[in-house]
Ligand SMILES: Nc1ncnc2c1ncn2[C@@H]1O[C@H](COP(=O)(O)OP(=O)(O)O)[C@@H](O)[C@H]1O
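Next comes just one chain, in structure tokens: the form predicted on its own.
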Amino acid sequence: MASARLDIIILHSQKGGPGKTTLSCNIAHELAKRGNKTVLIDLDIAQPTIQHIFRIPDKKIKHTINDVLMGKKKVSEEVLLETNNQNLQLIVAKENVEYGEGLLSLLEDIQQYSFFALHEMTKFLQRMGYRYVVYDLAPGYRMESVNAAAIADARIFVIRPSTFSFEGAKQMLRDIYKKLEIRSLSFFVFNQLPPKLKAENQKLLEDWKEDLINLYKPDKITFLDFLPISFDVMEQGIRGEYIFPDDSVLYEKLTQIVDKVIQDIDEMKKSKE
């Protein structure tokens, strides 16, 4: 019997701070809301956040992605955590790691084992009947992030509207993503745009968008959207709430992003059948 199809979506950035984790959580939540059995995995080992966004108490966590990536625990149902949505499960990262040499040792161990562990994770989730897995990656060039990008069906690169973030995005696309274009799709989104942009700044962002498309190849990368800062969502964050309200502009844009990404994955996989 053929295995159920599993699509892997990763969100990545060159540096921390562009809202990558919030988008990861909202994309996974939207996929699950549509009735898809979905797993959201926190791969940002040094700065894990997903446990807190979904308010998972420590006492409920038996194992983390750290254990799996280091080969201490085989991926199993014990690693999966329930959420308020029956279609959405989590695999969180461990926060209370040692610093200094202990942290460096941990990260080195994860790098050495992560590619094999991620492949085993994919096979397990496929056997369990999951439809989507969404990875929130550590920013930058960490090996486990690069390995996850290599096995993804779709990569969404999140960029802040700043010269620094734009230049970093160009570098990462050139160094890594262009080498991964064979079997998967790449997307990018500008996030956290300030309100009432001046015309010259809006034009600059449009120029950056075109520069990234032309750098990568127009038929190999897709621009998703310019997402505005939402002060309502920022205020929600004070209360520890990060899922976009259904009546917000951000939610409307999010649904369009999810529609586009899953449609393009579907078309890519059909073309390979």
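None of the values given here were measured: they were computed from a predicted structure. Start at 1 and count along the sequence shown; that's the residue number.
What comes next is about the form predicted in complex with the named molecule, which is not displayed.
Taken together, the three residues 186, 222 and 261 all stay farther than 4.5 Å from the named molecule in the predicted complex, as judged by their closest heavy atom. The named molecule is not shown here, and in the predicted complex it never comes within 4.5 Å of any heavy atom of residue 165. Contact annotation: residue 192 falls within 4.5 Å of the named molecule in the predicted complex, judged by heavy atom distances. The closest non-hydrogen atom of residue 230 lies within 4.5 Å of the named molecule in the predicted complex. Taking the partner from elsewhere, residue 242 is found to have a heavy atom lying within 4.5 Å of the named molecule in the predicted complex. Only one listed stretch (60-68, 203-211, 32-40, 233-241) carries heavy atoms within 4.5 Å of the named molecule in the predicted complex, and that stretch is 233-241. Counting a residue when any of its non-hydrogen atoms is within 4.5 Å of the named molecule in the predicted complex, the hits in 7-22 run 16, 17, 18, 19, 20, 21, 22.
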